[in-house]
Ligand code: XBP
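Here's a solo chain for you in structure tokens, the form predicted alone.
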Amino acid sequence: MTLEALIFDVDGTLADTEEAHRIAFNLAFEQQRLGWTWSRTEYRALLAVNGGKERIASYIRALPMGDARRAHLLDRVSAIHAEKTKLYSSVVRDGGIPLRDGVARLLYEALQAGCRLAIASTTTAVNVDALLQSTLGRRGLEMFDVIACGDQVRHKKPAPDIYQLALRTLGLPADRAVAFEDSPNGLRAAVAAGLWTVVTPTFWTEGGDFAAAGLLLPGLGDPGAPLKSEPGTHLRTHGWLDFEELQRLARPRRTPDPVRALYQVGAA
């Protein structure tokens, strides 16, 4: 396999952002005088719904109330989410959320090898811009050839739309790229788009169904923070996933040719 692009999810994959999102939601609810507070346990369950506006709407639909009150609140979803986005982006711009271990290293290794980078996320472009610039500097956005965000497609993850958009914009078939995800819905979206996928769960997604992952690791690891039981369990060379090993692991296994096998048996 000639690996030409790495496509990354953002929330939970590039950085463990969900606690900051949860706090921003709760601050927005407070400012809007809604009287709602999402606990960590409740928010973890709500993450089964992809997209912030969709998450708020799903929560409203589950609340006991009259139809008129529910319709009124649903009409306010965009405004509530816009307030939440401002609060979250402020935290990110202030440098409050670091990249996960190994992410920056692998990004630079890929670029040095001539591989292109892309993002396929259900979060907003504003959130993506804030995270990349606060963690990778002013040139963070320039590192990525494609930034595909949730509002650009009709169906969000687990539908494959966002990954299909990223691949179309890159001009690549799925077998020339690898996806990076942290959640079951993200994995389903990437696999449905035909992508071999590396999954690195967080507290918010651990224990999910990741059977379809090409590679499941607790993180990418780094020389200063190697993964436990690696090398030796999934990785051969180091206690962290580097670009060279990623290319080896993502290479599809060839289906045995029964005719060739017969000739090999005859020659033995």
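Counting begins at 1, following the sequence as shown. Predicted, not measured: the structure shown is a model, and the values here were computed from it.
The form predicted together with this ligand is left out here; the points below concern that form.
Trainee: Thinking of this ligand in the model of the complex, which stretch from 133-141, 169-177, 78-86, 100-108 has heavy atoms inside 4.5 Å of it?
Mentor: Residues of 78-86 come within 4.5 Å of the partner.
Trainee: Which residue among Phe210, Trp36, Tyr59, Tyr43 has a heavy atom within 4.5 angstroms of this ligand in the model of the complex?
Mentor: Only one listed residue qualifies here, and that residue is Tyr43.
Trainee: Verify the contact flag for Leu215: yes if a non-hydrogen atom of it lies within 4.5 Å of a non-hydrogen atom of this ligand in the model of the complex, no if not.
Mentor: So Leu215 does not count as contacting this ligand.
Trainee: Looking at the partner-bound form in the model of the complex, is Gly221 within 4.5 Å of this ligand by any heavy atom?
Mentor: Answer no; every heavy atom of Gly221 is more than 4.5 Å from this ligand in the model of the complex.
Trainee: Any of the heavy atoms of Leu47 lying within 4.5 Å of this ligand in the model of the complex?
Mentor: The answer is yes: Leu47 has a heavy atom within 4.5 Å of this ligand.
Trainee: In the model of the complex, does Gly51 come within 4.5 Å of this ligand, counting heavy atoms only?
Mentor: Judged by the heavy-atom cut-off of 4.5 Å, Gly51 is in contact with this ligand in the model of the complex.
Trainee: Note that this ligand is not shown here; using its position in the model of the complex, name the residues of 133-158 with a heavy atom within 4.5 Å of it, in sequence order.
Mentor: Read in sequence order, the lone residue that approaches this ligand (within 4.5 Å, in the model of the complex) is Lys157.
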